[in-house]
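So this one's two forms of a single chain, laid out as structure tokens and tagged structure 1 and structure 2.
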Structure 1
Amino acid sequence: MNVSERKTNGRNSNALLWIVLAGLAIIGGGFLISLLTPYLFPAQGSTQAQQVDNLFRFMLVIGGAIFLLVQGVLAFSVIRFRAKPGDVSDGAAIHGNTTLEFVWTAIPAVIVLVITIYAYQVWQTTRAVQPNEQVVGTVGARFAWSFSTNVTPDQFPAGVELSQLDPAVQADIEEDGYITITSPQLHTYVGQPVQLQMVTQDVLHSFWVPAMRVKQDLLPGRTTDIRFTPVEAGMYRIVCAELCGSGHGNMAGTLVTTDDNPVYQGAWLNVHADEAAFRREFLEPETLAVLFPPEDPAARGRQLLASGAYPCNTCHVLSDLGWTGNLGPSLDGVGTRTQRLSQTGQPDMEAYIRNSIRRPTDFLVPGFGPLMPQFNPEPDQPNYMPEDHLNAIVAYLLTQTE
């Protein structure tokens, strides 16, 4: 082997070594990107979050490696093939490379196929029906969420007998086989599979819990669902991920205080430590409140509004319940605003408040638009409000005097 051949072989060996080192650096960089980037995300709150994050890390390895490869080749080309001082000639005419074109077409096709198969498996797993699911009815409305759970007699607190209940409550249980408790916050516990059956009362909304890595649109006229299984106890923020109007931001949970006793308002997912804590801290108190409603209609109305059964809190101010909405007129002192009777033609404030709930666009308070939904008396109509609920709410609002 002559000197020229030895030099050529040496250059080829060095080039191969640099290519191998560059390839290892690119792959290692992809892994490093995949390991570091997820630390910017919220903590994994569910088994679905773990699966979604694993998929995302896999995609980051590939995407990070491709990013480093492209940027590396670009930087190498800028340095290696830059124009030399005084060189004003044109570059060499190069026309295509069939092998190279085949490689850079085949490799992305394989990558996309692998990602598609992996993503489909994750999608199937995260949406699979789980045993003993907690089914929660979820309603999105401008501009609040409400969550309802059916409680059967075998789930009632110990010592509760049907014979103790009000006849109207007994009749509801005998007809449906359960009672329904409603809350502005979603409650469950660690290890409990949850299925949300979601509907919208008006426009398109999107239910999203970042820590759970679950998001699903609510479509008018359809029921959509989503599933997750919490793995960590705590409070997790719920938001609406679809712009739904001027009060869109109010559909997210807010933290009122940041001291040792934080106050969570609006939409939050409360994951209790275990089933015993869930029953003790949420299910039993809320069940008793429904089984033994206050005899005073005004107290019953206050209970209904505080439960979040109707999306009023994000639009109105009502100091008695801690509401701080700014999209509708204040309800403080509404029971004595008799000046509106002459403007609306209603005979008294009871009729005025009742009409404002059933037909809110008949009279708009100056400065506010027609955002309030119409609460209808028939079960098959949207925004259904039974007559007894309306009577109780009106009775309560009449007690709000300045």
Structure 2
Amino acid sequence: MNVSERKTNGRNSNALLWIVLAGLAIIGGGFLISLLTPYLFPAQGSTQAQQVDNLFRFMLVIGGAIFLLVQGVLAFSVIRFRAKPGDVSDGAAIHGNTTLEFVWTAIPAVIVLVITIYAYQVWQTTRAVQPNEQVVGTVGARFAWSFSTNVTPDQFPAGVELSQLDPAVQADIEEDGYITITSPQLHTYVGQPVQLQMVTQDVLHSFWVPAMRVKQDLLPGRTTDIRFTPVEAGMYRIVCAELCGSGHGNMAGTLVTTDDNPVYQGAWLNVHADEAAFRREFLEPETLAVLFPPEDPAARGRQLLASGAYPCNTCHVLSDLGWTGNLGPSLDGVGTRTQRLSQTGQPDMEAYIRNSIRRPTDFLVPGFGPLMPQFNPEPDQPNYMPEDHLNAIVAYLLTQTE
């Protein structure tokens, strides 16, 4: 009696030892797996990235441990419990074990509870409103991004007198209190929190910068926003993550983060007179271009298209501006492409190009589908293109003869 009791006790404590050892090995394995985290993500570009990666690393420790546990038990069972050849007997008639079942219900419940709380905290901090944000308007249109910043008169370059300006520009400023400068790139600064306010011209898009670990859909009928604070200077890819049609894979953009002048960190909205370099870099040239549009319509058209205010570049090739889009016909030489003019029902090339933009489906270039968005004359319509912009763009395209 005594002997057998001692024997069972010995076996029990042995089993306990094995369980503890296996448990430690599994948790240690989970830690080792989690060391891979930095190699699984692109370099961290924002404070958000640091927090998301930490959350992931935490989940990878747990996930890795569970992975090892399950595969380990499977492998052990496959080896240890395989039926010997010719053995047709049955295994032990065990139907369950309430304690065990309670344990493997309770432990996962606690684990997901902890993950939920941690994830909630990360979610709150990554989205928190920061003081002094750089607010950038973001427009998604099939299949390009454009970014715009509002500049109020007190931010205008020194020496600009409102009265010098073109009456149309003056009227604009009077109405809104600011002018809008547009760029196909998103400019940000290290340490400067950014808030994007995003709208779409057509279907759903999703703004994603993998290096920043932020993503948000652009929804027709709504303005959505997203926040991040860059921590590393560099050029980052902006990706469209929501299926938006034929050019979805091409709908990429560039995010530039600079830190070359620490004086201007955090200074986006409070530009002072002595921060000349900052203004020289980006704000002034862009602002001046809007304030003093070139007299020559063709030059103005070129400037408009180069600014990225319209999403033409993803669909068209245009060597003069370095466009490489492949969804529509090349615009190189479009100004003298007269061979099809008779079929289009338009009197001359100017009328044809104008109509190609205002009503693209009236005549489809052979070999292409009705993919080009219609650019409309009224501000409340999608893909708004004011008449004077259209005139300038048409004038510019007519100069593209080869």
Partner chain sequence: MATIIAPPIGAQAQAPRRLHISEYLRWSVDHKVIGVQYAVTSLFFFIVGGILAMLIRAELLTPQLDLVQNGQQYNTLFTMHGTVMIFLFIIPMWGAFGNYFVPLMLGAKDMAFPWLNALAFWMIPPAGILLLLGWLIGAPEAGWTSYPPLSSLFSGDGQTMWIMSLHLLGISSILGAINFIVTIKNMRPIGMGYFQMPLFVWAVLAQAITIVMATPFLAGALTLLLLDRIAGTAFFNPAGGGDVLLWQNIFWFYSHPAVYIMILPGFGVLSEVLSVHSRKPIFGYRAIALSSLAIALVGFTVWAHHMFVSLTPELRIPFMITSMIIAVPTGIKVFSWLGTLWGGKLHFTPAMLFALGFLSMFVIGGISGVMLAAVPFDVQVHDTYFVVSHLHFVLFGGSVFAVYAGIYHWFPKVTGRMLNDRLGQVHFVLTYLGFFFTFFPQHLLGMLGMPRRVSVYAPEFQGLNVVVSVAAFLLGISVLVLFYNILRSLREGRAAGPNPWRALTMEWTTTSPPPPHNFHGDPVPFDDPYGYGTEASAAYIDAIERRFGPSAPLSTERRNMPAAQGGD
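These figures come from a predicted structure and were not determined experimentally. Throughout, residue numbering runs from 1 along the sequence of structure 1. Under this definition, the rigid core comprises the largest set of C-alpha atoms superposing within 1.5 Å between the forms.
- By the stated condition, namely the form predicted alone, the first structure is the one that fits.
- Annotation for residue 72: C-alpha shift of 2 angstroms or more between structure 1 and structure 2, rigid core superposed.
- Superposition of the core reveals a Cα shift of 2 Å or more for residue 83 between structure 1 and structure 2.
- Positional change of residue 354 between structure 1 and structure 2 stays under 2 Å at the C-alpha, relative to the superposed core.
- Once the core of the two forms is superposed, the Cα of residue 339 has moved 2.6 Å between structure 1 and structure 2.
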